[in-house]
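The chain below stands alone, shown as C-alpha cells; this is the form predicted on its own.
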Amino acid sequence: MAVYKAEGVVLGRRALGEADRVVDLFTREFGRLRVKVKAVRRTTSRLAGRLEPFTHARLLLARGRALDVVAQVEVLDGYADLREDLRRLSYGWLVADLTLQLVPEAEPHPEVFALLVEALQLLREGDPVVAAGWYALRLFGELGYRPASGRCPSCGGEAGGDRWSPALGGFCCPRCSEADPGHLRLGGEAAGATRFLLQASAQEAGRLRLSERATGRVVAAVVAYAEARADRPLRAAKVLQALDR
C-alpha cells in the first residue's frame, strides 16, 4: 500500500460506522483532504486524542480506495486551549469553515496553510474576532477574491467610505451601493479596520484593538463576503449568532 507524508491542520471530523472517523485536513503539501481514521473512537486506539479539531500535526497517510487512511500522527501543537474557551472555539470554527468552503479540495496552497497556522496562533494569543477577520480577508486575497478597498469594483470611482458590498466585490461608491440592497454600512472604525487587515501581517493584526461594535461589523462583513463567494451559508455563522445571543 502506497504511503505519503503531509503536515496538516484538522478542520473538522465526523463519526463513520461504529468506531471510525472521517477527518477534514488542510495540508501544506496537498491542500484540503478528507481522510479516514480507523477504529479511532475505541479507547484502545493509539490515535485517540491526536486528531482533535485545530490540531497541527505531521501525518503518515496510506492510499485507500475511497478515502486515504491515517497511519501515524505526530502532534506539533494540539491547540487544546482553543477548545476550552467558548469564544475562541467559535471563531476557530469560523476559520475552519472559511477554509472548507472556499479552498478547493486537493489543490495545494502552501501560502494559505501558512496563514492558517498564523491564524491559530492569533486565536490563541489575541482577540479571536480580529484573528478570524484577518484570516478571512487575507484568505480572500490569496484565493483571488481580494475585496476592493480604494476604487469601486463596479464603476471604478472613489470608494473611500464605509459602504461594503459582498455582491459587487468589496468597498464601493455611494451610487453603486444603492443599487445593491445587500450592501452594508460598516461605520468608520470597522471600515478602517477592514482596510488595515487586508494588508496587515499577523503581528500587526495582533496589536489591533477595536470596540465590540466594530468587531461585530468586521465579522458580518467577512461572513457576507465569504457566503457570496461560496454561494452558500457558512455553518459557523450560526454558531456565532447563537454565541452573540
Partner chain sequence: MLPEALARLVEQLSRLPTVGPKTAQRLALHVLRMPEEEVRQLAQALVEAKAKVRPCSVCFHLTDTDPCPICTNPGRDPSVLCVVEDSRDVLAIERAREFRGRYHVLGGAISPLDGVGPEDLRIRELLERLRGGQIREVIVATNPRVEGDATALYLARLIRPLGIRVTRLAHGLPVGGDLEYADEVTLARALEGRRDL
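Residue numbers count along the first chain shown, from 1. In this text the structure is predicted, and so the values were computed from the model without any measurement.
This next part talks about the form predicted in complex with the partner chain, which is not shown.
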property: Distance check, A2 to the partner chain in the predicted complex, heavy atom within 4.5 Å; result: no
property: Non-hydrogen atom contact R13 with the partner chain in the predicted complex at 4.5 angstroms; result: yes
property: Non-hydrogen atom contact R229 with the partner chain in the predicted complex at 4.5 angstroms; result: no
property: Partner proximity in the predicted complex: W93 to the partner chain, non-hydrogen atom cutoff 4.5 Å; result: yes
property: One residue of L89, L115, V103, C173 in contact with the partner chain, assessed in the predicted complex (non-hydrogen atom, 4.5 angstroms); result: L89
property: Contact residue in the predicted complex, from E107, E158, E142, D85 (heavy atom within 4.5 Å of the partner chain); result: D85
property: Contact segment among 212-220, 192-200, 44-52, 179-187, judged by heavy atoms lying within 4.5 Å of the partner chain in the predicted complex; result: 44-52
property: Residues R28, G126 and A224 all lining the partner chain in the predicted complex, heavy atom within 4.5 Å; result: no
